[in-house]
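The form predicted alone is given below as one chain in structure tokens.
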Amino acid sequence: MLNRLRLLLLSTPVGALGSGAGGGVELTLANCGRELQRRGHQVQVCAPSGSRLPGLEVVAIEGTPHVPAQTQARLTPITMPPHSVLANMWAWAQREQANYDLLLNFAYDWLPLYLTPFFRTPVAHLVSMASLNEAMDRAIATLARYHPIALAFHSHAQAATFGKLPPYTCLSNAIDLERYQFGDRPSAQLAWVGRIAPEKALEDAIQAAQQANLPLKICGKLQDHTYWQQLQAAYPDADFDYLGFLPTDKLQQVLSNSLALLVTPRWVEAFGNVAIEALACGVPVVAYRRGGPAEIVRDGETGFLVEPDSVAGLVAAIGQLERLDRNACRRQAEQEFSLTALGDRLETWLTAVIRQP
């Protein structure tokens, strides 16, 4: 790409950047923004007030956060809270759009999709989750019909949940590999990283670690307190510790010191940032063969893919970890999930969006 672009990245409305409420979207937005800026593009981020994003200019917008889509039913109607931060963000973007060459949306919400044809400046959407809501599915299908180039997904498994789509962009994802240290002398422990919420099925990891007679280190945003209390009550004798929502430097230390990362989603993960974070630390990934992680893990080489929802499968895979070479995990991260590779894919996609008729 020869031209220096003026880009506005619009964040998720479920919480401030840095809070953990946005899950993997927060890391994805930060990495995309920093890599595009490193390449000489002018990048601004529009996000809820209270957001922290070192190295990038943030336009903070006041307003009420939205309820996360994954906590709602498929037929839940589209609603907006009073003084919606999402509505306020996009109203600001509408006023300022002439100052940008492209707007890049990271919100998994109906409103930005609906507004796309009403903007003069091109709008691109990086869809962050799989199909969860009928109204969202229709909005994505409508945009795919008229502006298919404006949509990108993280994995083919994610895109498939929206039914038959025209040719689409699959960006995968990436991390800043320099922030993750290779660990070749792990302790006898396992790790689990993610939002603590029912769709992540932390109970499966707890059971598998218990049956393997290994402690489990848990990291991530404690989103559903009732669910967490239920887990504590259900497994009083299990050896697991909750370490909190950790910054990258602390998280990579936990990962590097672990025999493996367990990935146990009950739903279709759009990608699985935690999986590539683990690989970057040289840590094998034991994951259900479901969604994005199934497109990341090289089964039998950088981890194991097991039958979805099978605790027995997890335990069997844990018993085979000594077969794996941790150096192969790091090599895969370097080959497939570097920021340079993601930046190339991003520039190709954004150029196509800008040039569309």
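Small disclaimer: the values here were computed from a predicted structure and weren't measured. Residues carry their position along the shown sequence, with the first being 1.
Not on display, but discussed next: the form predicted in complex with 7,8-dihydrobiopterin (HBI).
Comment: 100-108 is the region of 100-108, 185-193, 212-220, 242-250 lying near 7,8-dihydrobiopterin (HBI) in the model of the complex, near meaning a non-hydrogen atom within 4.5 Å. Taking non-hydrogen atoms only, residue 328 never approaches 7,8-dihydrobiopterin (HBI) to within 4.5 angstroms in the model of the complex. Of the heavy atoms in residue 67, some are within 4.5 Å of 7,8-dihydrobiopterin (HBI) in the model of the complex. Remark: residue 129 counts among the residues lining 7,8-dihydrobiopterin (HBI) in the model of the complex, judged by a heavy atom distance of 4.5 Å or less. For residue 25, a non-hydrogen atom is located within 4.5 Å of 7,8-dihydrobiopterin (HBI) in the model of the complex, even though that partner is not displayed. Proximity to 7,8-dihydrobiopterin (HBI) in the model of the complex, taken as a non-hydrogen atom within 4.5 angstroms, holds for one residue of 17, 333, 14, 346, which is 14.
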